[in-house]
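Shown below, as structure tokens, is a lone chain in the form predicted on its own; questions about how it binds or moves come after it.
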């Protein structure tokens, strides 16, 4: 998947959960990623974060540490 699309998709998830209390939001994003993203998508996300994670919502960055 193209990085721009991956960032957009991940940020949409974070935007949905952003209204929740912080810990619930992080857990919600992490749970969604775990349930609905394929392992290769998660690998790509972790690689992208390792390269700086430009443009990713802070909730995505936190949630990715839990997966």
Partner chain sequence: MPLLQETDYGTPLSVINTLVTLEIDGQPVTVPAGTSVMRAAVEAGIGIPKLCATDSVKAFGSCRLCLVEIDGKRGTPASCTTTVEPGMHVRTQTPKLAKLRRGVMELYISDHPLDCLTCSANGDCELQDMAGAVGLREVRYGYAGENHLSAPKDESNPYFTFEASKCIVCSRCVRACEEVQGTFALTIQGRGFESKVSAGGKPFLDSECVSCGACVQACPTATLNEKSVIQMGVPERSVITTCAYCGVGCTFKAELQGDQVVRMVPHKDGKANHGHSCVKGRFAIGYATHKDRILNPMIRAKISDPWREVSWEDAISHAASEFKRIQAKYGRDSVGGITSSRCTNEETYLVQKMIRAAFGNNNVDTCARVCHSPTGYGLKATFGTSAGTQDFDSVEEADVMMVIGANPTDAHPVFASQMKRRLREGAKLIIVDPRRIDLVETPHVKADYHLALQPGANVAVINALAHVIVTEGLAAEDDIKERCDAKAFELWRTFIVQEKNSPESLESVTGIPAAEIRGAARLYATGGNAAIYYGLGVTEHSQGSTMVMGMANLAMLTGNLGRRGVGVNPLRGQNNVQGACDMGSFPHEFSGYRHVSDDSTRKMLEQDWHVALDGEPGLRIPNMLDAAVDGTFKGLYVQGEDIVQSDPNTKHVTAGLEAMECVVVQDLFLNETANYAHVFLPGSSFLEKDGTFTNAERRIGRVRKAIAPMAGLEDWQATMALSNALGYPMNYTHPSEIMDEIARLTPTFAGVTYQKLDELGSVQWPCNEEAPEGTPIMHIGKFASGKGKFMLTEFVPTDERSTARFPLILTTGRILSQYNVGAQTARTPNNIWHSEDVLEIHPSDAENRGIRDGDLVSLASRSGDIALPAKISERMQPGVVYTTFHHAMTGANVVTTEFSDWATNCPEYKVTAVQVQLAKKTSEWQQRYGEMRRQNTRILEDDAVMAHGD
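Small disclaimer: the values here were computed from a predicted structure and weren't measured. Positions refer to the first chain, counted from 1.
What comes next is about the form predicted together with its partner chain, which is not displayed.
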Quiz item: Can residue 66 be called a contact residue for its partner chain in the predicted bound form at 4.5 Å between heavy atoms?
Solution: no
Practice problem: Look up in the predicted bound form whether residue 47 has a non-hydrogen atom within 4.5 angstroms of its partner chain, and give yes or no. | Solution: no
Quiz prompt | Contact test in the predicted bound form: residue 21 vs its partner chain, heavy atoms, 4.5 Å | solution = yes
Exercise. Give a yes or no for residue 13: in the predicted bound form, does one of its heavy atoms lie within 4.5 Å of a heavy atom belonging to its partner chain?
Key: yes
Practice problem: Heavy atoms within 4.5 Å of its partner chain in the predicted bound form is the criterion; list the residues of 11-42 that meet it. | Solution: 12, 13, 15, 16, 17, 19, 20, 21, 24, 32, 34, 35, 36, 37, 38, 39, 40, 41
